[in-house]
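To begin, one chain is listed below as structure tokens, in the form predicted on its own.
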Amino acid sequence: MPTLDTAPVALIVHAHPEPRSFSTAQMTTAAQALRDAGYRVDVLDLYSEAWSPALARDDFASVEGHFKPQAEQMRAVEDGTLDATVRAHLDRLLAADLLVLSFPMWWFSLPAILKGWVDRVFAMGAVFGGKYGLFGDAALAGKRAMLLFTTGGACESFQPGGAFGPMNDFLFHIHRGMLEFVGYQVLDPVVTYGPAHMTDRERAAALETVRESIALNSPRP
């Protein structure tokens, strides 16, 4: 049994505004499943922390002339002047062996607050670019990431020929354009389709499926 100091770390970044939502229950279930699997779990609840999603000029100590966000990120990382809150989140990201993004799928993508977390915390010069490359040469190579989310539509709607089309089409920009881009090995997503249309018994069964899926899809490194 690993000690607390040697246990791998899972960082769950959660983005749902309602603490009594199924999405939050799903996140809590996943967190416990990871603990049961031997992880030390760190949960970042973006709404409860009132996270600001906007990558803005005010993030940086001084900006002269034309504002180039990624260039300013590089400079702030090199100078040690990155915004204190962003730096704290970045440190938690870098300390994690597994990243779990937990959210409801809105407009076939991440909620704005979570996309803004990626914008600000996946800082150029810290996780890619500068002394790092992209993909296998990025700073997070060797670490793993996965998506944990809910949908409004039914599973059949996200199949080939369904009303919305294949789910993988919607996940590509997240899997490839965000997670693999900074080096992560992307694990299979854990998805609950249409929990708002389920009975209480069905939701309870869905949470058990989440627990089993997390245990299966995220073995310890």
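These figures come from a predicted structure and were not determined experimentally. Just count from 1 along the sequence shown to find any residue number.
Below: the form predicted in complex with another copy of the chain, not depicted.
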Counting only non-hydrogen atoms, the one stretch of 119-127, 141-149, 74-82, 90-98 within 4.5 angstroms of another copy of the chain in the model of the complex is 119-127
Would another copy of the chain in the model of the complex be within 4.5 angstroms of a non-hydrogen atom of every residue among 17, 173 and 178? yes
Although another copy of the chain is absent from this view, report whether residue 213 comes within 4.5 Å of it in the model of the complex, heavy atoms only. no
Does at least one non-hydrogen atom of residue 194 fall within 4.5 angstroms of another copy of the chain in the model of the complex? no
Would you please decide whether residue 209 lies within 4.5 angstroms of another copy of the chain in the model of the complex, comparing each non-hydrogen atom pair? no
Is residue 108 one of the residues lying within 4.5 Å of another copy of the chain in the model of the complex, judged by heavy atom distances? yes
Of the residues spanning 22-51, the ones with some heavy atom within 4.5 Å of another copy of the chain in the model of the complex are 47
